[in-house]
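Just the one chain here, laid out as structure tokens, in the form predicted on its own.
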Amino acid sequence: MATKTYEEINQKIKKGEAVVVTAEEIIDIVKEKGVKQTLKDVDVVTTGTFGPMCSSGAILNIGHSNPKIKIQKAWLNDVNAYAGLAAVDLYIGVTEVPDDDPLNKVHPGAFRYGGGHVIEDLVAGKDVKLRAISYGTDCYPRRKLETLINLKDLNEAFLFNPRNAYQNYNCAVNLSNRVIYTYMGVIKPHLGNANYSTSGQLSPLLNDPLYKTIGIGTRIFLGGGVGYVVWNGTQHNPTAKRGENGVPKGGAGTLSVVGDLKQMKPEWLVGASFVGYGATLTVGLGIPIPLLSEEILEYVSVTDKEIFTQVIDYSEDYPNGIVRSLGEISYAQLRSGEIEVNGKKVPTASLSSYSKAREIALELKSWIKEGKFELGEPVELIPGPESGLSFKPLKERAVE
């Protein structure tokens, strides 16, 4: 079996000789040339996804005021930022909302502004209002601080997302007789619509389903800048049920990622509001997959017809932890605009943008071809199906 190495591919990238294609483009190339010839001809396949990713946030070091302050509580544009790190280190989570947000008291709540919007504003170069309080100490005597901060003036600012790039996800429907408001969007009663949120054949972890090339140190496209995989993400479940092609048939792997916020762009980090549910951030993320072997090439040539997910009722089953699938659906069917559930034709819609995922894959492709982006060889792969690691739902852990 023919093999390549990271070093060989990076040498070709430095010389401007690397052949790079997207996860869309590789499908037709393999059909035309076959696996063996394609492996000789192509070095890297780029992937992309652009969708809401709640488990995200940014770490900011705002620098010391005069006199100095040890921040106890802080707000950015009236959105609470966690201050329990150090004197002037803050973490702003994307789902946090202002203290005076009415939430769902007037149902459904609008959640017009949250932590994700704060991050978008920072990346867009806007001034953000900082308000902070402290109990005061001898070395940090200041008790109150109100000022404007701007990303360019911060000592450090980096995006740190504990769970991104979910490997496959549910298709959400509603069997009840009422409208429901969820993180999968507004879902109409009586199977009125079906929402999903994965870019299918372009999605990073669906092109490396067994995590053969992705791990600690993998260099990625993150929010329009360069980022890195630093760990598996929270709720990483490599032992999920899979097809013969290795692709999971439901939620499985996740990634923890980090990157310099000052490199990023607002078109790839967009604050989002989910009516009746909350605020979040839509994140652009892309991963290059080196074609190290025929096995890797076969994985990256997967098509939407070969990727399946489960149709789940979000009115009763999902919120109550009832494990039941109403059917298994391919992404080709989902992207057609209509699926059949319980004998009824149901219109579909995606929360993630396929066209934006394509843009990310193409952008990453251009970076590599121009020699601006070399592959980061992981020092350790994220846990795969043979690792023994699995995600246990709360119910199985007897949490009341």
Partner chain sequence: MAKTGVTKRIVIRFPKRLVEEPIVYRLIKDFDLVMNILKAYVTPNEEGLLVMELQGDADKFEEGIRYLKDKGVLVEPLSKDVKRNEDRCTHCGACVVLCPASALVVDKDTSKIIFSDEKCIACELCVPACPVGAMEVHF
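Numbering follows the first chain given and starts at 1. All of these numbers come straight from a predicted model, not from anything done at the bench.
This protein has a second form, the form predicted in complex with the partner chain, left out of what is shown; the following refers to that one.
Is there a non-hydrogen atom of residue 347 within 4.5 angstroms of a non-hydrogen atom of the partner chain in the predicted bound form? Contact with the partner chain, yes.
Does residue 274 make contact with the partner chain in the predicted bound form, using a 4.5 Å heavy atom cut-off? Output for residue 274 is yes: heavy atoms within 4.5 Å of the partner chain.
So, in the predicted bound form, is residue 65 in contact with the partner chain at a 4.5 angstroms heavy atom limit? Output for residue 65 is no: heavy atoms all beyond 4.5 Å of the partner chain.
Verify the contact flag for residue 336: yes if a non-hydrogen atom of it lies within 4.5 Å of a non-hydrogen atom of the partner chain in the predicted bound form, no if not. Yes.
The single option of 235, 77, 263, 193 touching the partner chain in the predicted bound form, heavy atom within 4.5 Å: For this set of options, the contacting one is 193.
Tell me, which of 29, 351, 341, 42 has a heavy atom within 4.5 angstroms of the partner chain in the predicted bound form? Contact residue from the list: 351.
Considering the partner chain in the predicted bound form, find the one stretch among 53 to 61, 30 to 38, 352 to 360, 367 to 375 with heavy atoms no farther than 4.5 Å from it. Single hit among the candidates: 352 to 360.
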